[in-house]
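Only one chain is included here, represented as structure tokens and corresponding to the form predicted alone.
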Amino acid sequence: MYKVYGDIQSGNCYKIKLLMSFLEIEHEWVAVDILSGETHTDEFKKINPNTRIPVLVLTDGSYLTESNAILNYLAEGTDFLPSDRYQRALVLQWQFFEQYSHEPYIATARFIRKYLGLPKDREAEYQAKQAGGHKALSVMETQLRQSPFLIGDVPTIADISLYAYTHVSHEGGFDLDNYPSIQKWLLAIEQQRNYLGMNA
């Protein structure tokens, strides 16, 4: 059985939980409190020297880190990862977009506001994240006007990667009222069999 070290309220960890639910993959979930420094203990550093979650422990005891790498590993051979070479590249394209153009803005703004309570000394940083977050949402909106999911007619791990923080983007101050295609896409994901909410 797989073991996952994570925090369900973290979008990067929730991605893994959601895919495992969709695929009905049995696993042990080990809750990790990042705010109390649990990822910085000597014990955790043996699991991931980069002191980040999620971490997937494979059945042979080896470790895999970085949320999108874990998604690709778990989705291999399923409908969530296309077999076509170009389609797989598109999945990676959106996952790189998520890590470089989406998560640094939307997830960071959410962290500052939701977890830190928007302290005075980080207000400027929080405000600076808004433009980049809306740019990322606009890119997604443009694509989702053309197809129900990011790669086409069925959800892939590209959708899971971007769903994680997009569906809670309001917690970072991002209003989705001007993104009707994103709203429709969120509902389509939530209607998938075995969908599991972040707060479930």
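Quick caveat, the model's predicted, so the values are computed rather than measured. Position 1 is the first residue in the sequence shown; the rest follow in order.
The same protein also exists as the form predicted together with another copy of the chain; that form is not shown, yet it is the one meant from here on.
Only one listed stretch (148 to 156, 43 to 51, 166 to 174, 26 to 34) carries heavy atoms within 4.5 Å of another copy of the chain in the model of the complex, and that stretch is 43 to 51. By the criterion of a heavy atom within 4.5 Å, Lys120 is excluded from the residues contacting another copy of the chain in the model of the complex. At least one heavy atom of Arg88 is located within 4.5 Å of another copy of the chain in the model of the complex. Using a 4.5 angstroms limit between non-hydrogen atoms, Thr59 is distant from another copy of the chain in the model of the complex.
Not displayed here, another copy of the chain is approached by Phe97 to within 4.5 Å at the level of heavy atoms in the model of the complex. Contact check for Ile106, Ser181 and Glu190: none of the three has a heavy atom within 4.5 Å of another copy of the chain in the model of the complex.
Along 57 to 94, these residues reach a heavy atom to within 4.5 Å of another copy of the chain in the model of the complex: Leu58, Ser62, Tyr63, Leu64, Thr65, Glu66, Asn68, Ala69, Asn72, Tyr73, Leu74, Glu76, Arg85, Tyr86, Arg88, Ala89, Leu90, Leu92, Gln93.
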